[in-house]
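Just the one chain here, laid out as structure tokens, in the form predicted alone.
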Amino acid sequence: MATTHESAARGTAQVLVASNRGPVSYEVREDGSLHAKRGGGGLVSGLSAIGPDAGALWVCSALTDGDREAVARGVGEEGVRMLPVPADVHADAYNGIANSVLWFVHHLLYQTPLEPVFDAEFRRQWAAYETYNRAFAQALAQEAAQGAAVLVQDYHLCLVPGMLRELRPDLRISHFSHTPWAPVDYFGLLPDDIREQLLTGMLGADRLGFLTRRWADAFSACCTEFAGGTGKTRVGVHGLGADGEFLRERSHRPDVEERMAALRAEIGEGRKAIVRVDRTELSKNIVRGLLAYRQLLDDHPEWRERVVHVAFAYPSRQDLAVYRDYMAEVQRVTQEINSAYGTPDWTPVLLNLKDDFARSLAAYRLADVALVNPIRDGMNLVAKEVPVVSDEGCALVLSREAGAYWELRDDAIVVNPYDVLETARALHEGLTMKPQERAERTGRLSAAATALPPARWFLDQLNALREPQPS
């Protein structure tokens, strides 16, 4: 139960967002000054849509030394509260549990003969995850006005709704999952008490949101199996779309035009481009995409020297060994393909490892085929962004395991992400698609992709949370 002091404490914020990463980050420069860098994304767009007078507050974690220094100096931005969670606690909660357990469970990534192993080290890290979530719950309880709306984000903060409900039963609380949700049998890998804590934590919310009906149904099935149902918690679906207006404007700025010219020169005159843009995340399936491209070159030698695979594989979670190993495998397979098939005038795979948004947009615009083949993905906005900015129309090869599949499947070339032969055939189909059909499909894909842009996606959740709870 909440203490008397906690119950009496009331803040002024009417709308609160809680997430691991906030809208701003800080770095300490050589002269000791702090430099703030603003972020983007759906939540930033959404919060801006409710207006400056809405009494909104974003609660997030201090992730870097610069962030922690900003908190220590009392430096911050209006509308943002950054929590100085100790670096070791954050590392255990974020890398130890959120990214090495919950992410793996929801994306079905474990090699089950060897992992997971729920040992004493796991329990130590789980305690940090609890501490991390509690810090958010306590901060939200302090900052929220009576009856405020609190929108908790993602798998890092699954325990917050239940913890916050105990501290502030007056609040309207939601939680949104940006990942898939595991099926019952896979979720059942977790220890019994951990399963219960996760589900009870989530069910502390008035409303839960998911990106697709498939993920929502998987969560409900886990609740039926392990928690006796979802109780009074409502479960809804909000399929985050691309921000078409922003993407079209941003993709025609001079820096993108410069990168397009450079990319065209690298690809070579008259060649087609198969483009992928991903973080080097285990679930993105980059290696099988490379193997499918190699299969294409074997099955259709006529494409040799006539097509280039432009693969953007931006570093992700390189502080985890399994991710470093995966990055190394992406590079190894790329080098293998280029050595086996390349000529003095043709590099079959152009691998880009440096994160460059303008270069990504340039690749979107000139892609003949976009390859989006995750083994499991909550949504995958790349699948939605490419059709929006494509200059000439782009064939979309799309995994049936991406959340975006449910909205884009009618006009995409759908593949089983594990089937390299099928993916190679799909790449060939995309490369040989008639220009008119490609343009027509791209138009329909773009319309579907922008049906729920970030601002409306956020407002829809907020409005649904504010609806009266059914009796």
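In this text, residue numbers run from 1 along the sequence as written. In this text, all values refer to a predicted model and were calculated from it rather than measured experimentally.
Keep in mind that the form predicted together with 6-O-phosphono-beta-D-fructofuranose (F6P) is missing from the display, and what follows is about it.
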So which stretch, 350 to 358, 150 to 158, 196 to 204, 385 to 393, is the one near 6-O-phosphono-beta-D-fructofuranose (F6P) in the predicted bound form (non-hydrogen atoms, 4.5 Å)?
150 to 158
With heavy atoms only and a cut-off of 4.5 Å, decide whether residue 10 touches 6-O-phosphono-beta-D-fructofuranose (F6P) in the predicted bound form.
no
Examine residue 281 and determine whether its closest non-hydrogen atom to 6-O-phosphono-beta-D-fructofuranose (F6P) in the predicted bound form is within 4.5 angstroms.
yes
Is residue 172 close enough to touch 6-O-phosphono-beta-D-fructofuranose (F6P) in the predicted bound form, meaning at least one heavy atom pair within 4.5 Å?
no
Please tell me whether any heavy atom belonging to residue 178 falls inside 4.5 Å of a heavy atom of 6-O-phosphono-beta-D-fructofuranose (F6P), as the geometry stands in the predicted bound form.
yes
Using heavy atoms only and a 4.5 Å cut-off, determine which of 187, 215, 103, 312 is in contact with 6-O-phosphono-beta-D-fructofuranose (F6P) in the predicted bound form.
103
Which residue, 219, 326, 94, 126, has a heavy atom that falls within 4.5 Å of 6-O-phosphono-beta-D-fructofuranose (F6P) in the predicted bound form?
94
